[in-house]
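Single chain ahead, by itself, as structure tokens, in the form predicted on its own.
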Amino acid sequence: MQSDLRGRDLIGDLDFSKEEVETILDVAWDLKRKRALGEPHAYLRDKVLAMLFFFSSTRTRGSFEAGMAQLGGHAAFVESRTTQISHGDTEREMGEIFGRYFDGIAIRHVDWGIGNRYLNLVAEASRVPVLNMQCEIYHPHQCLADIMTIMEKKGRDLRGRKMVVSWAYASSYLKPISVPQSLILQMPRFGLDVVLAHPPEFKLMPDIMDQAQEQARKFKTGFEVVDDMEEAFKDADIIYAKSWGPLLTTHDPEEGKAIQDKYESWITDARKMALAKDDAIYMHPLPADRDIEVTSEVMDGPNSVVFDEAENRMHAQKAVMALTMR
């Protein structure tokens, strides 16, 4: 166990080593047990977390707020449009000032080419940990909840298990690519053979792909890319299928929507799930476009773990906060 993560930022998935992620998971399970038994665990009494949102949220806001309260602290919700950021408060000001008011700064900023840089510049100026609630490149806390959920369902020894990270069609906005990128970086470290499936226009960032391949080589796991959803699903243990925008192809919303609409057949339905193993689990970070991205039959079915996965956001984030904000 890596016992001292005090003061550390978590912005990218590889900021913490595999051993440090294992420490987070151990603490998350302990906090989940304490929550279930009603045992007090106010490790962050009198601590305050600033939550700065440039992008709307359901699970992220709810899980961080509830988690801080259960740890004995307080989370202050700050919507960027209610601040003076548009009137001159730079990343330096936010890091310096919020770093003096608060004991941690959590930020969600997914604007392409802006969000990740913003988080890193705030972190450079801050004397307290900066936690990434999602940027355009990474969604590390979602990924921690995902690996926690996979281990609860499939055991801690995941070597030889096949995990599909697949694009899926959605009719709504062009969603960020940060979730699949975090998954392909983190999952090979835990022994999973990852198959990434997407249409040609929905590629991920080349640097992230190179790092994912490097992690797969380092941990001696499989990493394959295919352009056929059904081929990917065959004999899979874990199906993680969600939409993301063709952001490396175009940033134009109308052009992106036209590209996206060519692939309406990329829906997770019972027929495709039948291609996976009988006990395969279906995962999604939510929100999902019901009966467009995934059928209700699958999302509400016996193979779906999406609500356990959503709950684990809170437990995993509590572990990160308890370890970094002490």
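From a predicted model like this one, the values you see are computed outputs, not experimental measurements. Note that residue numbering begins at 1 and tracks the sequence as displayed.
Below: the form predicted together with phosphoric acid mono(formamide)ester (CP), not depicted.
Among the residues T149, S126, Q142, N132, the one placing a heavy atom within 4.5 Å of phosphoric acid mono(formamide)ester (CP) in the predicted complex is Q142. Contact with phosphoric acid mono(formamide)ester (CP), judged by heavy atoms within 4.5 Å in the predicted complex, is confined among 258-266, 52-60, 32-40, 275-283 to 52-60. Taking the partner from elsewhere, G301 is found to have every heavy atom lying beyond 4.5 Å of phosphoric acid mono(formamide)ester (CP) in the predicted complex. Of the heavy atoms in R313, some are within 4.5 Å of phosphoric acid mono(formamide)ester (CP) in the predicted complex. Remark: H198 does not count among the residues lining phosphoric acid mono(formamide)ester (CP) in the predicted complex, judged by a heavy atom distance of 4.5 Å or less. Residues of 104-118 placing a heavy atom within 4.5 Å of phosphoric acid mono(formamide)ester (CP) in the predicted complex: R108 alone.
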